[in-house]
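First comes one chain, alone, set out as structure tokens in the form predicted on its own.
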């Protein structure tokens, strides 16, 4: 009897939902950081540098929103979603860090 034993189906439980909610929280946090940085910049006198960094901050936020929305859709589509690709994970991490740096540069 050398027959292969079928592996039981994986029961993801609530893990995909928790991950989806974490992506939503991170999106909300990045939205708040981007808006506060832009508000702080545009509240005082505006300069060409401030407007450029503000536009960069908005572009980074849109990029992160795109990555997050794709992942949220993938997690909601099926009960056993595919793993996050390294490319998307790297993009999400880099966009988050870059957005934080831009927001800090605008505030300080």
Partner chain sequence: MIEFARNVRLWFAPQELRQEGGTPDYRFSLANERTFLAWLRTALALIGGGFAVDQFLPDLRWGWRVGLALALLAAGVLCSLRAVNHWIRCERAMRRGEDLPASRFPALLGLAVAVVAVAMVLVVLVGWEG
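As the structure is a computational prediction, the values presented were derived from the model and not from experiment. Rigid core: the largest C-alpha set superposing within 1.5 Å between the two forms. Positions refer to the first chain, counted from 1.
As for the form predicted together with the partner chain, it is not shown, yet the points below apply to it.
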| said: in the predicted complex, is there a heavy atom of the partner chain that lies within 4.5 Å of any heavy atom of residue 83, even though the partner is absent here? | reply: yes
| said: So, residue 76 and the partner chain: in the predicted complex, are they within 4.5 Å at any heavy atom pair? | reply: no
| said: With the partner left out here, check for me: in the predicted complex, does some heavy atom of residue 36 sit within 4.5 Å of the partner chain? | reply: yes
| task | Taking the partner chain as it sits in the predicted complex, which residues of 79-98 have a non-hydrogen atom within 4.5 Å of it? Please list them. | result | 79, 80, 81, 83, 84, 85, 86, 87, 89, 90, 92, 93, 94, 96, 97
| Rigid core superposed: residue 43 CA moves 2 Å or more between this form and the one not shown | yes
